[in-house]
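Following this are structure 1 and structure 2, which are two forms of one protein chain, each written alone as structure tokens.
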Structure 1
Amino acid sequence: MPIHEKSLIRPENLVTNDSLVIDGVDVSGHWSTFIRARTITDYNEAMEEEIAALPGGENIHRCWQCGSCTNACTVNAVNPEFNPRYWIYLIRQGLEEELLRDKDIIWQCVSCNKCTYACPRDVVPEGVMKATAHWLELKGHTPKSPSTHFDESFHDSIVRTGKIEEGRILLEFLKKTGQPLRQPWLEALVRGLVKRFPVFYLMRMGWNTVMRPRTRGWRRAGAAIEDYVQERKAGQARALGLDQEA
């Protein structure tokens, strides 16, 4: 049968023989175009457990594929390719290759939780999306997402000083995500501060920015938090089989 709508088929699954003769008939070129069957040949049983080991993914095994989440989804309304129901299915069966095709859109979940309130089985698809994006990063399939960069700067600041150093976090975030440091809105904000703040406060802010003083008694608290975080990270790496590789 001729292939009428090639655009519906993924290019790598369209095969054409440059020179092919069948029963004496030359079918070279587009005459021999055929579609490669994409057969599922095995299940990767580890994948569901890996996602379930990451925060938010715990209830993925409950999904019964009703599609309520996808139907409710904010992002799906804009991009029909964004399909939490489908990804949950791929993960549960371990169809990794298939999931990776969508790796550049999975992180786009806006955490609105509309899916969470639509899901009859309490899967918390929003959490699963978060866990999946996290999994893609940990496995090195996607670069760190902007929110991961933000989380890291935020975390560093807290662990180090016990304080949220907003200016520093913001600048690091802009740097790491490759955005210009001179943002017009930021400059306007700083100008406003300089104009309105008493000099004493400005001097104190400056001193804090340079000296980075710790909250009193923070050394032990910070270390405990850091220990806990490292422990959780090690647990996740173990669950994903990344500890041996490292």
Structure 2
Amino acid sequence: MPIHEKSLIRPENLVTNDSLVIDGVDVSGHWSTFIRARTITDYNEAMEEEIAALPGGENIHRCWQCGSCTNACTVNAVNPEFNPRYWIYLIRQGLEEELLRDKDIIWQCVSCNKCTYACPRDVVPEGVMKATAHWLELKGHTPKSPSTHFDESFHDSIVRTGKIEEGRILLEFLKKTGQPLRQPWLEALVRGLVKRFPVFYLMRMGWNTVMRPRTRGWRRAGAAIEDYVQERKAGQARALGLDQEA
């Protein structure tokens, strides 16, 4: 289904004639607005398959462009340029250059899942947005997003120790995203913990943060999880035509 909304057409592709008569009919002004013809040179016929190969993008082929996702979108209500329906359309059409124009806002999806609840075709638009953001990173079009840095820190904690190390995950996230470790809200949180928790509990938390003890018998389980993750990454890299190291 083609996109006809004027708001989605790039201004440089719109042509308006101040004075124009066609077959004796004066169509000057906004009545004579035309879309400039152009030749598509960036067509990527594999883009839909590449997105579908990533977690969350599996059902992108089901979309019939009803617009329920964009209409329900929390971010779209604040920023009309955040348009899941339009991006899914571009992906399925293989219009990579057009998609890359919005690469800096696609990752801003807040995962409220309103789009997923509204979708009548079970496309899971929230998953498609995350898959698209991941695709942009893997292709080298964008740097790693803050959410990717957090996911990596979380993954490292689970695989290495079998535990969710909140303090270490937070510190690594701040470091990877270039944020100062001394955050006013973090200092207030620590002061609150010191006042409310017993001393022996705080000492245990500090010990665990430094020594990182593993869950008993976790070594084999962690290795199995890591093998599975690497296997999935290799499959995604092949689907995107990238080297396995990517």
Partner chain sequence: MSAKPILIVGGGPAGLSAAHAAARAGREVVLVDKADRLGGAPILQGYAKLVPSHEWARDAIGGMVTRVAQNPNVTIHTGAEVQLFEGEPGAFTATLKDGRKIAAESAILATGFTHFDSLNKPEWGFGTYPDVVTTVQVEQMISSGQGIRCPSDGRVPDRVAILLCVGSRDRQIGREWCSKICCTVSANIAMEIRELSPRTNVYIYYMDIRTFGLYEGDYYWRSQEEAKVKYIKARIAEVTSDGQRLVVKGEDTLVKRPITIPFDMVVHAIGMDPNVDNMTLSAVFGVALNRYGYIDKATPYAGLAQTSRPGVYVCGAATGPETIDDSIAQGQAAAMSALNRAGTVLMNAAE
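Structure 1 provides the reference sequence; residues are numbered from 1 along it. If you superpose the two forms and keep the largest set of C-alpha atoms that fall within 1.5 Å, you have the rigid core. As the structure is a computational prediction, the values presented were derived from the model and not from experiment.
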### Task
Decide which single structure shows the form predicted in complex with its partner chain, answering 1 or 2.
1
### Task
Verify the C-alpha shift of A224 between structure 1 and structure 2: is it 2 Å or more after superposing the core?
no
### Query
Is L181 one of the residues whose Cα moves 2 Å or more between structure 1 and structure 2, with the core superposed?
no
### Query
Does superposing the core leave R38 with a CA shift of 2 Å or more between structure 1 and structure 2?
yes
#### Entry: Rigid-core-superposed Cα shift at W207 between structure 1 and structure 2, Å
2.7
### For S19, CA displacement between structure 1 and structure 2 after the core is overlaid, in Å
24.4
